[in-house]
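Only one chain comes next, encoded as structure tokens, the form predicted alone.
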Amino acid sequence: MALLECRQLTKYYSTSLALDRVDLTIEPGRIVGLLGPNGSGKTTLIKIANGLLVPSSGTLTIAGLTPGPETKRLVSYLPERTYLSTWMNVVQLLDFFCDFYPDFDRDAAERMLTALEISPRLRIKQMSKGTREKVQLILVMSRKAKLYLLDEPIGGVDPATRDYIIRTIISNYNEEASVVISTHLIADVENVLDDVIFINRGRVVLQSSVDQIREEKNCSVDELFREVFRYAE
């Protein structure tokens, strides 16, 4: 069964069309790039999958279920903006995730935090942007979820932090699960992707495996993205 499936998924904000009859399927065991320019519909799609928005028409299912309380245990979500309370320290965050998510692996989170030399008593408000991004990603990836939805996990951080974030994603997800990485920074994530979905103005322009793109198009994902979106403007 597909982990995530969309059929004619459409979303309006008032009279503005954010998603236009989207059809796509994400199978288990894949790292998928949801790729498109800012404003293309990536965040809207991820929020619907996480149950934060409701479609205007069409369907989106997680392991056959409509997003809601039952899918919360299947999905681990990293929003584009940091949502952690700035007064909390690292220990309090770990306690919170342990209480809130039965599948949270505290030992795994503590190992990664120790490797980064992040003090357990350090408060969010004392952290740099890059450190906050790392901590939030560690918390999200330390859950034993089936589907990880990561919205712009490498946006706005330095190259070294990007590299760490990408390594963390690769090394911590369950191979029976899937990871969806929403980003417009294709070159930074291309080497870890199994599949890509190009989205523009709310429409899926292309869905393919990375290997198929390289074999059939004889180019990189980044090169194909630039070519496709040059004509999609």
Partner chain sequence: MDWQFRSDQPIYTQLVQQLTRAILSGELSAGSRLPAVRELAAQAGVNPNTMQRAMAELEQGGLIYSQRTAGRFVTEDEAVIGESRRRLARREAASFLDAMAALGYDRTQILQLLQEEKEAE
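Bear in mind the structure is a predicted one, so any value in this text is a computation, not a measurement. Positions refer to the first chain, counted from 1.
Below, we turn to the form predicted in complex with its partner chain, even though it does not appear here.
This chain is displayed alone, yet in the predicted complex one of V205, L185, L52, V192 has a heavy atom within 4.5 Å of its partner chain; that residue is V192.
The stretch in contact with its partner chain in the predicted complex, judged by heavy atoms within 4.5 Å, is 174-182, chosen from 60-68, 174-182, 197-205, 43-51.
When its partner chain is considered in the predicted complex, S220 lines it closely, a heavy atom lying within 4.5 Å. Although the partner is absent from this view, R21 stays clear of its partner chain in the predicted complex, with no non-hydrogen atom inside 4.5 angstroms.
Proximity of G29 to its partner chain in the predicted complex: non-hydrogen atoms within 4.5 Å are present.
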